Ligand code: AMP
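Next up: a single chain in structure tokens, the form predicted alone.
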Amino acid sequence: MRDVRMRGFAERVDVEEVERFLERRVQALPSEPVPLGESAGRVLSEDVTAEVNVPGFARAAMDGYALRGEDTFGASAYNPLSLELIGEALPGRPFAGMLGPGRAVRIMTGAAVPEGADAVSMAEVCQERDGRVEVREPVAPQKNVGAVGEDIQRGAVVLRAGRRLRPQDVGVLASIGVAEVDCVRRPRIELLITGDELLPAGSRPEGCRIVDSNSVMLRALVGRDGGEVLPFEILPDRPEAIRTALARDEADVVLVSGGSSVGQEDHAPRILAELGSLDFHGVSMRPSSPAGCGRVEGRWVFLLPGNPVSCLCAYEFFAGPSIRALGGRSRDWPQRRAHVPLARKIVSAVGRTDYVRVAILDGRATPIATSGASILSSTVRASGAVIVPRELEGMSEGTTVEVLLYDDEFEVVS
């Protein structure tokens, strides 16, 4: 391996080559049983098949009277038909007897329809009087009755493997009696935040020391992508400390923040190559050109530059898709998209992929004037980012571009 410290990169690999490499090699983790109440947001590793019918009994679809439909034929407001009222059925408390001709049972929505009944007459067209009920409209057999298995039939595949469980999915699983489901294991992520100049998040900047912001940002990004961040601490720029941390085997993915470039104190790439493999280091992109990735005994290691915007960019291109894939999710970027014209041209260079922060003003995307990789506040002012592919030499004013939105809800600021 060529030591690039204080020398720079002889060449840089294309973004697409790194992405293809990771897409071919990053596979979903093994499955684990997950209690149903904790499964929302997790990814199913196996199909779920219903072992019961839902509902498992014929039930009333509305409040009214359970009866035999044929007993109401000919009923009208001018010719109500009178049936003997012999009891009631409530949800969880069914009528115990058999309903014969000329009889009815008061019934509430969701209650089991009594044996012998085949329809429910709406309460609005009935009137109780002296132990009887008068029906003023005919009701056809099976009307207002939910049939056995109407919602879910026994033996049906309810949810397929690979599905990320939504709240309503969990509700359906509960309805068929599922107590736990097999899901792809959540990736365990270790953060290696390096830098002698860093103070812990929550501190106040002092002197020539700055506060670690990358760990807070990365924790949020990993949480968004379904990973679990392990406890961590800031590491000094000392080779032995970085070596010890990279050799730990607790995580599925290690995110190294800082120490990945070509400076004198950038030790992580060399140590990664010694412990395992440094598959890529130096990418033709802006920002994040010092980004890289490799492996140590099956653990994926992503080298994320210390500059905050570069760290964000490298995570979104390489680490984020890999963490999602390990957890069984789609590699696709999760951001919502907006398509708007450019208010001002974007300058780029052929052969380099650019991550350009833009603000959407009056329905047009305006590149943020401050483009430095250390200016994290630029991402706060931005509505999102535009990716300029390496084939283009920038984008001209008026071109419709796709903006990867930073916010869940798209808002045009005027």
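Numbering starts at 1 and runs along the sequence shown. Owing to the predicted nature of the structure, the values given are computational and were not obtained by experimental measurement.
Not pictured, yet referred to below: the form predicted in complex with the named molecule.
Using a 4.5 angstroms threshold between heavy atoms, V211 counts as touching the named molecule in the predicted complex. Within this chain, T194 lines the site of the named molecule in the predicted complex, having a heavy atom no more than 4.5 Å away. At a distance threshold of 4.5 angstroms between non-hydrogen atoms, D266 is in contact with the named molecule in the predicted complex. Taking non-hydrogen atoms only, P94 never approaches the named molecule to within 4.5 angstroms in the predicted complex. With the named molecule left out of view, the stretch that reaches within 4.5 Å of it through heavy atoms in the predicted complex is, among 305-313, 175-183, 103-111, 275-283, 305-313.
For the options L198, L221, I242, V125, the one in contact with the named molecule in the predicted complex, meaning a heavy atom within 4.5 Å, is L198.
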